[in-house]
Structures are given as C-alpha cells and as structure tokens.
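In the block that follows, a single chain appears as structure tokens, in the form predicted on its own.
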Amino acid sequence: MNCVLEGNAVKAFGKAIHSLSRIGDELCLDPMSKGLALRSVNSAHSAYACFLFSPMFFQKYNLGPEQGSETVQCKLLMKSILPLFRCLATVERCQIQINTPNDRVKIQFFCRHGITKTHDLCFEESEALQAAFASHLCPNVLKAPARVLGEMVMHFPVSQEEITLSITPLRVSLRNYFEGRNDHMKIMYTEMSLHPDEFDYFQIGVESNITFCLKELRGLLSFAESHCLPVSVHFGAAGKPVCFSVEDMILEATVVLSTLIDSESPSQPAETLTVAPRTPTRCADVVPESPGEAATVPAGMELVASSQGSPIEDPALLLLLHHLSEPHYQERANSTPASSICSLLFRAKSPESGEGLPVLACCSDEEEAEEEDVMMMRSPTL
C-alpha cells in the first residue's frame, strides 16, 4: 500500500491518530479498496473507534497489484506512531508505505527547506477489527454540531471518568457520574441541559439514562469541532452500546462505547439522611398534659449523670422529689402542676406556706432587679 497526503490532510490524519490514542494502546492500519481505515480498541473491549479515509482524501492512494482484494492489517504500537504526528507545522507532504515482506511501515515527512524525515516502524499482522453494532436499529437518534456538544463536555473536569446522558421529549441532559459516593463533601455535581430545538435532528423512541466513559469521547469531539462537522448519537436503553459518528464526503469516524447496565439508581445524586442525636428527657421537660395527671417519681429511682458529667448527689433534692410522689401532695400538684415543677428550677415560694423551695438555678442580678421592679409596680400606692 502506498498513499500520499498533502497540506491540511496531513494535519487531519494526525488529529485522527491523536483521537484514537484515547481509545487504546495499539493502532491498526487496514488498507481497503474503499479507503484506509484506522482502528483502535481498548484492552477491556468496551470502547472501539474507527476513522475511514476515502481514496479522495489522499493525493495518491494505491493498494498495489500484489495485494489485490486481500489486504494486510498492520498493528502498530500507539506510543511509537503518536510522536510522529505531533509537530506538523512545517510538514508539506506525507507518504505512507506498507512493505509486506519486511513487516515495516515507512512514513516520510517532506518539510520546508527540503527537509525529509523518514521513520520505519515494525508491525504485526492482526485480524480486522469491527464493532458489531447496528446503529440504524437504535430508537434514539441525536444530531448536533460538534461545537454544541463540545461546550457541554468542557464543563466537566479532565479527571471526570464517566458521564450520564439522559433524554426525554422535553430535554437532553448531561451530568457527571460518581461510583460509590463515599465522600460527598469533595464531589461537585454538574448537569447541563439542552432543548430539543438545539439539535439538527431529534428522534426519541424511549426515555433512557445511559452512563459511558468521557475520555474516549473527547477525542472525537475535538476532531469534529476542528473540522466543523456535525456529530450523530445513536443509543437505546441502559446496558446497550452508544455510537457517536461523524460523516463527510471524504471521511467517516465512529466511536462505539459500552454503557452501564443499571444507570438509573446510581446516576441520581444519593439522598443523605441527617439524623439528629437523641436528647435525654429531663424532669423539667415533662409537663402533665391535663390537670389530672401529676408528675411522679418512682420510689426506687436511679441516679443519672447530667450532661456535664456530674451525678445528682443532693440528698435534700432526693427527699423533695420523693415528697412529690406522696398522696397528700397530689391535691396541691393538681391545682398548680406547672408551677410546682418550675419551682424546682427557679426561685419561687409556695402561696400556702410561704417557705422557699430549694433553688437549682439562681437568677442573675439583672433578673433579680427586674423582679423587684415588678413587685414595686404591683404594690398598692399609698
């Protein structure tokens, strides 16, 4: 096989190789009568990409009389061919030859000022790679300019591995996907939505949420956006592959990605339940609902430590609580149940006996002054 590229075709060919480098570690050259195909697949066989350049893309394209209809699929290491197409600013013409007897791929760059760069790469024969995916059977089809999809993807960080694509009759949304979600404080949820009018073609057969890898998609979007080509998306339910394709008169590009089987429950942000700590019930918080119900304390009560860690050890207070449970005190408790309990906490006197009860929480100086002012106002004026 012998082909020659000139001008911008060399840069387009190099961008295709850079896009395939996001898929796998190996590059397959498959020369055919309908053009030269560049293919790559990842090690898990969950991502596949193919760029097909028609003979019109090349300045010269010749399979060779010795090959005929039977061509040789060449497998190259991506790390060996990728650096060759990084700096193409001074390249004017590129020639690629496949020598079957030597198992070599010869790449020559003809640069400015008469500089020629020649690279010989060893290859291995491999079987033809082809993804078994019928895109015409997918119920959902989207077609939009690469710029629109690129602006949506650019909001996700480079470290984002997977995203979720959701489609309804009213909108199409993209949101990031996190597996596990153990640390919610370090996760930023991002979601972008588009109206169906933003697409050149919008067909929905079934509402679905699919989750796929973002790294493999970035390369195709970058390639399509640099050449102002629209991108078509074919997909169905979760668990079935999704296909991103670009078509032109002289080239075709396809990226097929696998999706998660169950993407409905993990794709939604996990709901966190905030459980407030239970507050222990104190004697001051218990107020009888009706006058007939009195607050009683069992005879064999247990000493419970306070919230500050100090136990109740006042014998006078224990005797007072025991006195509240006696029968002769029920009539007084039924008359003023709330006042009798509040008197345990604040300075108060019984209206019958006038004797002061033990004080657990004394008033401050300001509160005492306010009480004296109130008493002066209530006293009869002479």
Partner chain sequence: MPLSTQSQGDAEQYVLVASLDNARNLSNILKAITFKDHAIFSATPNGLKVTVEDSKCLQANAFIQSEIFQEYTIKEDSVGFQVNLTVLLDCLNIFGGSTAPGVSTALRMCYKGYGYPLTLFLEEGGVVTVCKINTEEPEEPVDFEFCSTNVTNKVILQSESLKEAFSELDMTSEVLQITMSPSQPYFRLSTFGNSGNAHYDYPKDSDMMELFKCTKTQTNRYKMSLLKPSTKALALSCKVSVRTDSRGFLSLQYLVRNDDGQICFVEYYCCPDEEVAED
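Residue numbers count along the first chain shown, from 1. Predicted, not measured: the structure shown is a model, and the values here were computed from it.
The protein also exists as the form predicted in complex with the partner chain; that form is not presented, and the subsequent description refers to it.
Of the candidate stretches 152-160, 121-129, 236-244, 169-177, only 121-129 contains residues with a heavy atom within 4.5 Å of the partner chain in the model of the complex.
Remark: H113 counts among the residues lining the partner chain in the model of the complex, judged by a heavy atom distance of 4.5 Å or less. With a 4.5 Å cutoff on heavy atoms, H227 does not count as touching the partner chain in the model of the complex; it lies far away. When the partner chain is considered in the model of the complex, Q97 lies well away from it, no heavy atom lying within 4.5 Å. With a 4.5 Å cutoff on heavy atoms, S193 does not count as touching the partner chain in the model of the complex; it lies far away.
With the partner omitted here, the residue from R104, K143, K215, R93 that has a non-hydrogen atom within 4.5 angstroms of the partner chain in the model of the complex is R104. With the partner omitted here, the residue from L82, V206, C87, I187 that has a non-hydrogen atom within 4.5 angstroms of the partner chain in the model of the complex is C87.
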